[in-house]
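Presented below, as structure tokens, is a lone chain in the form predicted alone.
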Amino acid sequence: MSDPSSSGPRAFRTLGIETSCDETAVAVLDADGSVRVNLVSSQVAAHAPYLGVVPEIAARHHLEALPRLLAAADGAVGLDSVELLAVTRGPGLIGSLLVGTSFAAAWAWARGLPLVGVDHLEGHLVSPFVALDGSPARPAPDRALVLVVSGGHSSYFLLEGGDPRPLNRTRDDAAGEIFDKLSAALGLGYPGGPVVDRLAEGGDPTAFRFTAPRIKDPRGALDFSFSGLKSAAIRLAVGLGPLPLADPATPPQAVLDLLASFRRTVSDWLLAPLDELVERLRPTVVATSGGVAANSELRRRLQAWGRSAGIEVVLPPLALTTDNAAMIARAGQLRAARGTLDDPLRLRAYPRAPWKAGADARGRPVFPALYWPMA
């Protein structure tokens, strides 16, 4: 509960709901951002036979799981004391988003509670500053450079005064997606990120080399492009023998070397803009989030970079790298503290947020900007 004697914007005990893709999640956070309950219902088994997320299946599973998770949260901590409801409104699969936003809008309206629609990426941006040990959430630094990297997103953001500014984007596939595609080609299963990461530990990361993409648009010089790497890695895999692998549990050494080289290249490319962005923007903290933030090599190299550069690196708990409602609840708390609330009768979900040309402080079109429909 909030402390009425404290100064500044009021804080709320918050219920968070996340249904943007294939994870149904519910969380309850105290007013200081400490996590009281964080529940996730995974759909991996439902989508694994298709080697990817099937939107219709995802939406139906959300319909089944959301009431069950809310009942579990109510039994664990009680929902009668909730003062604010935060829900993911986009981007994501529109059917999945509509399940969450429709439920949240009705729940908030029926109880007369304030409602906040949260952008999924904003949730990822604050997740490194949320703990799962019961301690309060860490206030967002004044200038934090955050790499959000997952199956659908690969972008650096500057988080300044609570406002996110996108600095680059992926022009095609996201980093997490290409892990899934290579894993599927090899017959290693879905999702691909964890299994590729595990197997890569047994390979030689210098065995194969990949050519970095060239982006000619000067406004996107720091953008990512992973589709070429995906295609090249799959072609190399085909050359190593028949696919899928006859025994995925014990791949030959050449495949382990390919996976290690592939993982190393993804990390190389993700970290390539880091020095330039730090030089330009002078952040006090560098962080990462999203599903690929669980990748062991990326985490090791970011920590090593931070020690070398003398800049604090913040990594989210592994349980908060995948989609979760704790990060949505926290982002909702921060939005409510800035006075940004939504009308439950007018809340709209959106599958994606469009990009438009942006400019730096001198008016130069260096970075793209993102239009946040909920601002």
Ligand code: KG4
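Start at 1 and count along the sequence shown; that's the residue number. These numbers were taken from a predicted model, which means no experiment stands behind them.
One more form of this protein, predicted in complex with this ligand, exists but is not displayed; see below.
- Checking T288, T101, S155, S150 against this ligand in the predicted bound form, a heavy atom within 4.5 Å turns up for just one residue: S150.
- The stretch among 70-78, 105-113, 194-202, 230-238 whose residues place heavy atoms within 4.5 Å of this ligand in the predicted bound form is 194-202.
- Contact between A144 and this ligand in the predicted bound form is not found at the 4.5 Å heavy atom cutoff.
- At the 4.5 Å threshold, heavy atoms of D342 stay clear of this ligand in the predicted bound form, well away from it.
- Taking non-hydrogen atoms only, E122 never approaches this ligand to within 4.5 angstroms in the predicted bound form.
- Contact check for T322: a non-hydrogen atom falls within 4.5 Å of this ligand in the predicted bound form.
- Scanning 285-300 for heavy atoms within 4.5 Å of this ligand in the predicted bound form gives G290, G291, V292, A294, N295 in sequence order.
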